[in-house]
Structures are given as C-alpha cells and as structure tokens.
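Next up is one chain by itself, shown in structure tokens, the form predicted alone.
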C-alpha cells in the first residue's frame, strides 16, 4: 500500500533525477556513444518516447521489460524509459548463452525484450527456448523511426517501495535469482554513490562496468542526478579504455580488480598527471600490490564492497587524513580493506553461526550480515530463498570477514571458497594477494582440491604478465617469504586467461571443474 502522504512527501524515485537534470542542465551533453551525442533535454525526450513506445505495444504497469544490450545509449535510456512506462526493468547479461537468457525471461515473466541490433540473433535463439509470448523490439533504424513517432510518457510511482528493477545474480553458486530493487533504495543508493565517489556536474564517467550488472551500481541514475557525462563503451579493451580516458578527459570509472590489473599492465598505460582519475574497485578484494601499481599511474583508488542484493556498493574504504603520513605500502594495505558502511547502510556486522557479533580484533572470522536502505526487497518468486538469506532481518552475504578495532571490514573469503586443510582454514584471498605481488603474475586464483591426507589443499591458477613465464617451483619458493608453509599452493599452473563473470569475478567453480584439463592432475 502507498505510504501516508499527509505531509506532502513525494515518493523517492531515481526517475526524478533525469527530470531535474533536463531542467538544470538541459543543453549539457548527457550521453556520448561513439559519434553520437545527446543533451540532457534530449535524453529525457528519448526516454519518455521509449516509454510511450512500450505502452503502445501493450506494456502495462508492473510488466517486466528486459533489455539485452552492452553499454550503449539504449541501456542508459532504458533505465528511465522502462520505469517511465510503469514497467519493471530487467537487464540481461550479454555474456549468457541463449538457453540461460531464456530461463531468465521465463522466470521474470517478461512481456517485451528491447535488444541491441548486435544481439538480435541471440535474442531469437533465446526465444526458441521459451514458450512465453515475448515481443522483440530491436533498436535499429526502424526503432528510431518508431521512437520519433511515439507519444512521450512519464509515469512516476505512487509507492517508493514499488519494484523498479530485477537483477539476476551471476549463478556461480546455483540457478540465478532475481533480486528485486525498489525505487526508494535506488534513489538513496545513487546519492550515496555520488557522495562517496565524488561525482559532480563536472564529472565524466566512462562505462567500463556493465550496466546490466546491479544496474551499473546505480550509476546510470547517479551520474544523471549529478548532471555528469556518460561515456558509453560497449566493450572493455585496455587500449580503448586508455584512449577514451585521454579523448574525453575521463574523471571516473569502475573496475573489478581483474580489469584494473589489465589496465595497469597494458602497453598503453600511462601516468595521469593533469587531473584526478578516480577508479572505484569492487567485485573482489584487490591485492595491495595492484593498488600500489595503480597509484604509481596517478589513479586514485576507492575500494568498494557490495553484492547484487545490496544495489552494488554497500561499504566503502573511507580514507582517513591521518593515514596520509604512512608509507605507500602501509597505505596500500589499508586501501585493500572493504571499509565501513556507506551513508545509507544502516549497519554492517560480522557474526558467528548463532548470529552474535564476533570480536572486533581483526582476527576472528565470521559472516558479513547487513541491513539498511540498500538491501533488496527479496528474491522474485522465491520466498524460501529470501527467508534463508534474511533469517532474522539481517541479510547474510555469504562472505567471511573480520572486523578491525577501527570498525573497518576486511573480507577474508567467500564461505564457499575457504580452504580447510588439515583442520586449518586457508583464505584464498590471502594467498591470491601474495601471488599478485610476484613481478611475473598478472592475475591469480586459488582453489581447493581434494586431498587424501589433508582433506583439501590449495592450488593456484595464474596468468603471467606479458612476456613472462611462470615456474611453479620458483613461485612456491618465493611465497615462503610471505606465507606460512601450509598456505602455499601445492602447484601453480599458468593459463592465458582466467574465466570470469560479466562483472569481472573469477569463476572458481569453473576452474575446479576444469582442473584436470589444465594438466595438474
């Protein structure tokens, strides 16, 4: 039910950000996509016409409208156009195969699929795997003609708790689940992101984070709220990222550690010394060595931590002025921590199996539990999974962490990735950080394999830096300077590329399944 509005409070919705920016920054460039540019006034018009087009093909309030597109203007517009039509936005992972897409379309009960022309064939294949009656709208020249003729439509929600979007989890631990975002949560999270990340009307944001992932951490709405400029980048290739950084004088971008590592290692990498390039890093804990390499290039790292279920960034490693006096290595260790709750997160705790807080000693490991304005409404059509994830009003993230005495959170591992060898816990994150400090290692993933005597033992899969070779015995000997003997991987195998999710997380499940093919036995 809508809330009591006796005090003339208006429902919070990120849709109002675009209405305001079209008024305040109407002639300012809002979106750059290749050779095309649109002002904020034009972005509002196109989004409203997209809503009108959707209504004209039968979309009703509450219907689910899916979008299959890379980081293009279509995705930016859909973050406003679909909800302007009163519909629920379902952004689809462009890296999924047609059968996986079909399962999401069926589960979300989508009525329309908006599609980038390059993915039209994939959409048709997905439709072949579903019996649902879904209309396909391809954003080609015909779409542009329909858009021009459509009557603008802008429907704002009566209830800020209404579902705004469905975001499907990566499915690395099972079938993907549809995470429900509300208008209120997205509105507040957008403001929190701008506050912590320093996005203003002068900001130029480069889209390296997929907009289909957690609605791009709410940045389609956040950058719009600030009146900044969206620079669309359909594919993330390090050389093209650096070219865009220079051409558009980019001030902000987001990256998983794997993406940041590839940017720092690319031959096109160079020092940014005429402005601040702020990079928000999330998706996995970055190694201190990687943070040091980025700092050398003049990149200002903001480390974030979050999940699909928390609208993206939940915690931020807020920098303290007193840390400026520390040496660079000490600063890198502090920057690698996940930090404290953002300004709208009610509280972050680390709890034991009974739900009690563990000591804030930086050593005792527990599971991260959170609640606040940026926690999902629940899983769509899955009350059992919702109840399991939120057993007592606190969402359990599945991440194992410690709480430091200064109340800064530090992730030790995913619960499913902790390695138990001879009764001793080994953090794969700790071993990966040690490996990343080796000069010949670009990326590293550590997984557990069954062992007859120890139960489990760690093994490592790494990608070498360009031109380097990796010797397992040499690296294992080198690790003895930074790790206890029982934590050192039994073997180190080099591969050309590690398998990753769309958000840049390494697919450890796939590595475990493929271990035999890597030649490690």
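Just so it is clear, the model here is predicted, and its values are computed rather than measured. Residue numbers count along the first chain shown, from 1.
The next section is about a form of this same protein that is not shown, the form predicted in complex with another copy of the chain.
*Asks:* Verify the flagged residues 23, 27 and 340 against another copy of the chain in the predicted bound form: is each one within 4.5 Å by a non-hydrogen atom?
*Replies:* Verified in the predicted bound form; spot residues all in contact, yes.
*Asks:* Among 411, 344, 244, 358, which has any heavy atom within 4.5 Å of another copy of the chain in the predicted bound form?
*Replies:* Contact residue from the list: 344.
*Asks:* If the cut-off is 4.5 angstroms on heavy atoms, which of these, 141, 354, 271, 202, is the one near another copy of the chain in the predicted bound form?
*Replies:* In short, 202.
*Asks:* With heavy atoms only and a cut-off of 4.5 Å, decide whether residue 497 touches another copy of the chain in the predicted bound form.
*Replies:* No, residue 497 stays farther than 4.5 Å from another copy of the chain in the predicted bound form.
*Asks:* Do residue 393 and another copy of the chain come within 4.5 Å of each other in the predicted bound form, heavy atoms counted?
*Replies:* Yes, residue 393 sits close enough to another copy of the chain in the predicted bound form that at least one of its heavy atoms falls within 4.5 Å.
*Asks:* Consider residue 106 of the chain shown here, and say whether it contacts another copy of the chain in the predicted bound form, taking contact as heavy atoms within 4.5 Å.
*Replies:* No, residue 106 is distant from the partner.
*Asks:* According to a 4.5 angstroms non-hydrogen atom cut-off, is residue 373 in contact with another copy of the chain in the predicted bound form?
*Replies:* Yes.
*Asks:* Please determine, with the chain shown alone, which of 297-305, 236-244, 190-198, 258-266 has non-hydrogen atoms within 4.5 Å of another copy of the chain in the predicted bound form.
*Replies:* Heavy atoms within 4.5 Å of another copy of the chain in the predicted bound form occur in 190-198.
*Asks:* Are there residues in 110-132 with a heavy atom within 4.5 Å of another copy of the chain in the predicted bound form, and which are they, in order?
*Replies:* Heavy-atom contacts within 4.5 Å come from no residue here.
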